[in-house]
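Next up: a single chain in structure tokens, the form predicted alone.
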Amino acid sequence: MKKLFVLLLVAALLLPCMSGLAEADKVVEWDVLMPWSETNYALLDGDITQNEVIKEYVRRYQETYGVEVKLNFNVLSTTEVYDKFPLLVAGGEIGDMIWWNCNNSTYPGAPDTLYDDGLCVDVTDMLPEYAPKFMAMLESTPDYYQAQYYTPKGRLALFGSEFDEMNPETGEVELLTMVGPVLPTYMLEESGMTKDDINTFDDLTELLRRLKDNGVEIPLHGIFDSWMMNWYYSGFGAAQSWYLPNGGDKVEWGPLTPEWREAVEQLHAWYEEGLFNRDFTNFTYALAASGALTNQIGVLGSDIRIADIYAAQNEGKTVTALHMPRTTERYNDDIVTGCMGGAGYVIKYYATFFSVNCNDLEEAIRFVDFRYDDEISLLALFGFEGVSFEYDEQGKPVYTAAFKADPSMDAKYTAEFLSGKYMTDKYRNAMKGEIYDETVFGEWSAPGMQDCFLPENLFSRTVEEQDIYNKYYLNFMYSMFEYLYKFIQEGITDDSWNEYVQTAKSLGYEELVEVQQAAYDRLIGKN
């Protein structure tokens, strides 16, 4: 009897192990090519398998589907991928999957040419069966948002990417503008103005004058990275690059429009009055950021992350996001269209492409589909409860103090590329609270402005078109900046403007706009 009891006890102890083995009755192994941050990679000693979220993702997949997954990563830095990707293609070494948004920057004509050239498999027709989570989310989004996921040839190109700021229950997508004007709250208070007083560029001029009178060294920053200035040009109905005026179908180069001229004339007026950085030609992003954090700059065009950084550097002081200023005429007529960059395909870096040599394609699709789940997105963006995040009094996830103090924890306990949902609360909660209470969200949400954005990331130029673009664009763009700097410092006359327009045409403007228009027409199916 005792012997029987021992045998039963041993059997009972072995049952969980046997059950676990039964769950993993299938083993798959994939080689994954993935560009990744040099900083995060270095913090993991060059070993991405030290990322605890990846391990947990694989463990949960096995627990759910009974499949053991082995991943072999070929990690490239985000800067070297542009040079090395073509070499990997030439050597047939792209592996089973690519976890990155391969576009024209890395492979000409991508993503369509990835399929046309026989590198990757078009899985569009397979996704309804093997990626039901992804398809359910895609089908719940508005039509205009769904369209962003397809290539000009009708293939699903953004499988694996996040659904930005989407409400999982309603399917509504918030196109949160990423950049806008902010300034330290104490400067706004000392000016005697409130954010509701500042709606037009005339209002903004008055604020800048008061900042100068109060001793602010640079009332308005001067830096011309397009992402830092789009908010400004948008208020004139212009753009600093290619765009679609008034949400139409005609592609134009913003810096050749009357609206852009008006915007630059305003910059010149501020420059003359000492409201705009006098040394703007040597003003880098690093200088702008440090100047803002040390209160040398008043109004800064920045993204929402500046709030937390500023508070950390200034003992909890806050910044205030202003309303997006517009010309008086546009404000009075309530015209908000412009070229404001926002969410959508523009920032989807983690689409997945499957090599024609992908091992067990069906399982690979299901493995990527696994990320379209609330719990997995929480894991990917926040990591582990009690280690990298905790729940606040409202029951929302927030990073722990230890996580914020140790950069290596970000590399080890988050993996945004494994998130199928952008988790609005990640940024909304992190940025609101005392720092961002009613200063950004709502003020920078402007879906109408997205209509004018030109989706170049989805362009599929022909070989001839790409050759034309490569031949002209750099010199053309550099010339625009040379004139921009001259116009700000010296002003614009009709003669100097005409010279600028003629120079642009001599540098290939007409050829470039023809190429851009043809590519856009294909994208929207006009050809």
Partner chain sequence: MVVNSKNTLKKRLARDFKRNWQSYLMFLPTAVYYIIFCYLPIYGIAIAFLDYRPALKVFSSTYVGLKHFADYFSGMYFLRNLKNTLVLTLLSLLFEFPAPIIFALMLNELRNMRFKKIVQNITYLPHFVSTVVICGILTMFVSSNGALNALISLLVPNWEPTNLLAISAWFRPLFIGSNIWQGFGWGSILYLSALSSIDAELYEAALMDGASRWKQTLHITLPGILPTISLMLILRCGSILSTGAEKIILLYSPAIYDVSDVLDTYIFREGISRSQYSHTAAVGMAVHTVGLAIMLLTNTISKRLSGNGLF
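Residue numbers count along the first chain shown, from 1. This one's a predicted model, so the numbers in the text were calculated from it and none came from an experiment.
The form predicted together with the partner chain is left out here; the points below concern that form.
- Contact with the partner chain in the predicted bound form, judged by any heavy atom within 4.5 Å, is made by just one of Phe370, Tyr271, Trp253, Tyr399: Tyr271.
- This chain lacks the partner; the member of Thr281, Ser241, Asn214, Asn357 within 4.5 angstroms of the partner chain in the predicted bound form by a non-hydrogen atom is Thr281.
- The partner chain in the predicted bound form is not approached by Val27, whose heavy atoms all lie more than 4.5 angstroms from it.
- Although the partner is absent here, Tyr473 lies within 4.5 Å of the partner chain in the predicted bound form, judged by heavy atoms.
- Heavy atoms of Gln62 never reach within 4.5 Å of the partner chain in the predicted bound form, leaving it off the interface.
- Residue contact with the partner chain in the predicted bound form: Pro108 places a heavy atom within 4.5 Å of it.
- No member of the trio Val123, Gln516 and Asp521 reaches the partner chain in the predicted bound form with any non-hydrogen atom inside 4.5 Å.
- Contact with the partner chain in the predicted bound form, defined as any heavy atom within 4.5 Å, is confined among 112-120, 190-198, 374-382, 387-395 to 112-120.
- Applying a 4.5 Å heavy atom cutoff to the partner chain in the predicted bound form picks out Tyr485, Lys486, Gln489 from 485-501, in order along the sequence.
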